[in-house]
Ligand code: ADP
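Starting off, we have a lone chain in the form predicted alone, written out as structure tokens.
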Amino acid sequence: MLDFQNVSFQYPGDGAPTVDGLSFHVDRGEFVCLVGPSGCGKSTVFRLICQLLRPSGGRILVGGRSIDGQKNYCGYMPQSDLLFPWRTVEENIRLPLEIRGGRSRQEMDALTAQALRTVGLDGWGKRSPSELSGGMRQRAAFARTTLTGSELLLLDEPFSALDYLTRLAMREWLLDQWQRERKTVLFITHDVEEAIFLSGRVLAAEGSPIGRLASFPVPLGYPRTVESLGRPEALALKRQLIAMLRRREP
């Protein structure tokens, strides 16, 4: 679904590249977490996929085709929910449909109502974002991301600002959504335990700049519970990832 082929990128004025000859792939329907030290370039990888930044070398393919000239091939959810305070919840969620165009108001209303039901916000569409809890706002942002219609979803630390118990609930909720839809998900997190709980495979940055991602299959099946993290194989992977990331901290 996603293929990086020897991709490099350097910010203007920097003395060294942030991404240096990076190659990796994500298969269709996979849930993959990307972990690495702060500032190593994880979010830059997402911005390159979205064409918010242009690589200085290499190629990025989605669905076997170069992203150059493609539209609506990915949905991007940044760390902040970025809900517009002057729009209602349903108006925020409907935004990708308005941008894409080609649908009647009735069709957009129906798709928005379905998205609200899917994320458990039925009855909240007329409310202001300020009336929602942190977890509800993240669910609304996720619903908006899915209405891009893209098979590839990029989630950049979407739960980092939430309290611990809310994060646990949101992880379980997200896995349930993924198992229903089987979209391809690439998820950035600093939390090794979160990566193991969510993903089928963890990609770990082996240094800064990012030049190689080590791939670790997660030895847990789906569905998962919090108790799954206490299994010996999960604990062993957690120790391995933490040890590797500590060695690579800048």
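No experiment lies behind these values; they were computed from the predicted model shown. When you see a residue number, it is the position in the sequence shown, counting from 1.
Beyond what is shown, the protein has a form predicted together with this ligand; the following relates to that form.
S.K.: How about C40 - does it come within 4.5 Å of this ligand in the predicted complex, if we only consider non-hydrogen atoms?
M.R.: So C40 counts as contacting this ligand.
S.K.: Report yes if any heavy atom of D14 sits within 4.5 Å of a heavy atom of this ligand in the predicted complex; otherwise report no.
M.R.: Yes.
S.K.: Report yes if any heavy atom of Q51 sits within 4.5 Å of a heavy atom of this ligand in the predicted complex; otherwise report no.
M.R.: Taking the distances in the predicted complex, the answer for Q51 is no, it never comes within 4.5 Å of this ligand.
S.K.: Is R224 a contact residue for this ligand in the predicted complex, using a 4.5 Å heavy atom cut-off?
M.R.: No, no contact at 4.5 Å.
S.K.: Check for me whether this ligand, as it appears in the predicted complex, comes within 4.5 angstroms of all of T18, T44 and R47 - heavy atoms only.
M.R.: Every residue of the candidate spot has a heavy atom within 4.5 Å of this ligand in the predicted complex.
S.K.: Based on heavy atom distances of at most 4.5 Å to this ligand in the predicted complex, which listed stretch, 214-222, 64-72, 195-203, 30-38, is the contact stretch?
M.R.: Heavy-atom contact with the partner occurs in 30-38.
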